[in-house]
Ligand code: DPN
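Presented below, as structure tokens, is a lone chain in the form predicted on its own.
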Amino acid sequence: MRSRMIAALGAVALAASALLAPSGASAAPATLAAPDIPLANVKAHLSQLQSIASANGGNRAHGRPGFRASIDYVKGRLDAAGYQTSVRTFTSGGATGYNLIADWPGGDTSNVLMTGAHLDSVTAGPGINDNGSGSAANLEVALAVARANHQPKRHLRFGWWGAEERGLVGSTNYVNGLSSTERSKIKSYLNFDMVGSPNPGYFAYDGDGSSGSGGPAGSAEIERVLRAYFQSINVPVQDTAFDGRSDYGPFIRYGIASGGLFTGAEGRKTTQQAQLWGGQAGVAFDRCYHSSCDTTSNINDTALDRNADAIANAVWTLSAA
């Protein structure tokens, strides 16, 4: 995230699908419930990203060899799973940047559900929470789609963005570079940036505007689906604003319904939040934000596990609509 700053229950999938269905439409069948996302698999991806950083100057930043190696790792896993992948290049700060786009074959390609995360770190450290956590969770959800041979009504697309830490450069390049026709096919965008903070909060982007300005039309439905999962496991969720700090930014500028989850960055957990979620009041959600200690030891396993399962639930539920 740039500067300033278990399985889903069948009943939850049904309830969330019903929220998205037109009046009078029948509920989605229980077979649409998402699989459990193994925490060990997500952490294995994080270990790979840590190893890549360690072998490449301690970071995975834009323009550095660790970032290209990170792209190659994710692409290799997706290619082996049957995804149609492409690496898109752009230039920022005199260096070549890369976005990785992965399409799961099938579904209505005029009705795309896209799920994304930035893959780059800052130069100060390996970026394992920011944003290895969102990138690894999205990768394992994508691999779960392949393992299940999931064939939803909607077309599934996943993206891993470059140069987010330079100001959302990669995602902006991707969205701006689409033709108006191709852009209009992306009906929903899910963004996951920092989902394993060591002193975690549980936040969903404020799609319905209940605590301020909401997202584009359709964002409220995304928020309800994300919240439904956490309600099913009795974890309270608070709103976080669409403040332009992550890669949903270029999508909402074009009116694309968006949403996502976030476990907190440099902000400090309040006493009330510590009562809700545990952890330490008065301490940053991520004390290693944008620093060299953002390593594999900077991850809260419970938060990472819950968020990975919530991502899967959202992908399965929303792709059925």
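One-based numbering along the sequence shown. Because the structure is predicted, anything quoted here is derived from the model rather than measured.
Same protein, other form: the form predicted together with ligand DPN, not shown, and the subject of what follows.
For the chain shown alone, S246 is a contact residue for ligand DPN in the predicted complex, at least one non-hydrogen atom being within 4.5 angstroms. Contact annotation for E165: at least one heavy atom lies within 4.5 Å of ligand DPN in the predicted complex. Taking the partner from elsewhere, M194 is found to have a heavy atom lying within 4.5 Å of ligand DPN in the predicted complex. Ligand DPN is not shown here, and in the predicted complex it never comes within 4.5 Å of any heavy atom of F285. Stretch 289 to 297 is the answer when you ask which of 249 to 257, 289 to 297, 60 to 68, 36 to 44 has residues with heavy atoms within 4.5 Å of ligand DPN in the predicted complex.
Scanning 109 to 137 for heavy atoms within 4.5 Å of ligand DPN in the predicted complex gives H118, D130 in sequence order.
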